[in-house]
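Next up: just one chain, as structure tokens, the form predicted alone.
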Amino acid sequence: MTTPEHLLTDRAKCVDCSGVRRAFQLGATLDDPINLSIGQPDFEVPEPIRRAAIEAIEQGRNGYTLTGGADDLRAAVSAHLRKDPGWRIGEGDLELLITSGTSGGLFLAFLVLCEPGCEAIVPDPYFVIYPALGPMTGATIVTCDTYPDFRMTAERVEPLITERTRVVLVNSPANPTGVVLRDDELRDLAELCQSRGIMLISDEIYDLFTYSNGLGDAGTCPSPARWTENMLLLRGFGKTYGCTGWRMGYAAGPSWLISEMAKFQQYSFVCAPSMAQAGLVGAFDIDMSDVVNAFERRRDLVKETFAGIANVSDCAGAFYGFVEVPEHLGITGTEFCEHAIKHNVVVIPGDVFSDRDTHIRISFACPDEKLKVGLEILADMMLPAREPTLGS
């Protein structure tokens, strides 16, 4: 008789179900919840992109593409990268791979770069896939404590580097904090990795959602790719154009690394979805500034609502606020989220993204009116007058 204990690998046993998914499932059990947990845009895929994908299906673009991606999408991405961050794909030592989502690109990169005995440094707080990349590839994940300002700087990373370090993974704009690193911070990180022979991976899935805040024009994402080409740049289409389910991303970097990632893609994902590739060829020509401006106003609402009540991360990008549960409540982030459920509000506890359980993550990718009501409920729960109820 076969049993899980007999068949399951240590790899499988070391990877837990994402706490984000558990929050989704919990929200589904509520009657019309105020769901501030979902890291998914609440706007429709722009009509030209939808139409192009439909036409691609109708015209028979339903088979495999080349592993590296369809020629027309590769050309579009290459042209975009020439403008931002100024990389010339196919010239010198830079190459490009269309991936099955940014997470697909991350997984391929870790398969190529990491193995048992090596280490990868990731920020804490982190996106939920980062710790799981360790047991999936054999690497030891080393977390870089970025509290209280959530900035993964070279000063914080350098003491963590050993002779076993292969990768430093930076995420800016960040999930779950929304923090955007400055150009000088990213330059210093790039120079540190270059000097120590470490591959810097920059996860920039939220690059469009970069707000003004003195960082330059809204929508302009600071990137270490402006300072070096000896790194891996990961971006995607899902958050930017509201097509998360299409699983579309791209990776750019040194040709030796991209060619090895393409080899692993050939034997796993094969290629990114063909009709989605076709649909996104013209995506970079679509003006998304109204969407970015709307999300910036929502971000402002988050900051204003908790002003004087709770500490909130400097969410200069993405669509998240990382809110500290006030100490006077005497409860963890998980316990606060359990109380929030009783008020029909779904948020995610900080320990899903961190070794600490002191915060909650709020997503403001939801309709304005629901966001306003949900934030007011959460802020009211954090007031001192609520302490007897929450501590009971």
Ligand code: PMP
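As the structure is a computational prediction, the values presented were derived from the model and not from experiment. The numbering used is simple: start at 1 and walk along the sequence shown.
What comes next is about the form predicted together with the named molecule, which does not appear here.
This chain lacks the partner; the member of F322, Y206, Y241, F110 within 4.5 angstroms of the named molecule in the predicted bound form by a non-hydrogen atom is Y206.
Contact with the named molecule in the predicted bound form, judged by any heavy atom within 4.5 Å, is made by just one of R247, R74, R151, R166: R247. Only one of 304-312, 133-141, 100-108, 255-263 lies within 4.5 Å of the named molecule in the predicted bound form by heavy atoms, and it is 100-108. When contacts are defined as a non-hydrogen atom within 4.5 Å, none of T332, F336 and T358 contacts the named molecule in the predicted bound form. Although the partner is absent from this view, W87 stays clear of the named molecule in the predicted bound form, with no non-hydrogen atom inside 4.5 angstroms.
Proximity of Q277 to the named molecule in the predicted bound form: non-hydrogen atoms within 4.5 Å are absent; the residue sits far from the partner. A residue is said to contact a partner when one of its heavy atoms sits within 4.5 Å of a partner heavy atom; Y211 fails this definition for the named molecule in the predicted bound form, lying far away. Although the partner is absent here, N175 sits close enough that one of its heavy atoms falls within 4.5 Å of the named molecule in the predicted bound form.
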